[in-house]
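Next up: a single chain in structure tokens, the form predicted alone.
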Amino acid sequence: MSVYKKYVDMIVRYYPDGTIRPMAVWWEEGKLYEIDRILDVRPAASLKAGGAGIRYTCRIQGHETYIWLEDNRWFVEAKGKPRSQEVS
């Protein structure tokens, strides 16, 4: 199955010390997935979809997944084929 870079809407909390904490991911069709826990934060590349940034290793509904902050945009590694409006 192919993997592509999908930019997503996020709910994020910014702390006065500059720390950024992603709280939830808006997915297609209005689905909101709350992040249960952040397990790791580090600069890293997405080896499957391309791109790089600050990688957040998160637990969402019992599943471990990665979310990247690339410049000022958030993306995930999505499975399948992108819709035409998702290609950037």
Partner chain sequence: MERVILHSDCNSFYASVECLYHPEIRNKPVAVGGEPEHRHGIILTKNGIAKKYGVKTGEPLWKAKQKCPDLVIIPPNYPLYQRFSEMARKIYLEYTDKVEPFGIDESWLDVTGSAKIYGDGEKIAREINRRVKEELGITVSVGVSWNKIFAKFGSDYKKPDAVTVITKENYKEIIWPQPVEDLLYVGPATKRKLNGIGIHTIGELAAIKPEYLRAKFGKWGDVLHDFSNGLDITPVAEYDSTRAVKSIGNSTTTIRDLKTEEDVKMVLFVLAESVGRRMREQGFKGRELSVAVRDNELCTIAKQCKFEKFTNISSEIAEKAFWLFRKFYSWYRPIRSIGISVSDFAHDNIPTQTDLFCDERQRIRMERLDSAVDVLKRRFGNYCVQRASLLKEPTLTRFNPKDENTIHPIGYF
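Numbering follows the first chain given and starts at 1. Not measured: the values here are computed from a predicted model.
Beyond what is shown, the protein has a form predicted in complex with the partner chain; the following relates to that form.
Annotated contacts: 10, 34 and 37 are all free of the partner chain in the model of the complex [non-hydrogen atom within 4.5 angstroms].
In the model of the complex, the partner chain sits within 4.5 Å of a heavy atom of residue 48. With a 4.5 Å cutoff on heavy atoms, residue 44 counts as touching the partner chain in the model of the complex. The closest heavy atom approach of residue 71 to the partner chain in the model of the complex falls within 4.5 Å. Although the partner is absent here, residue 5 lies within 4.5 Å of the partner chain in the model of the complex, judged by heavy atoms.
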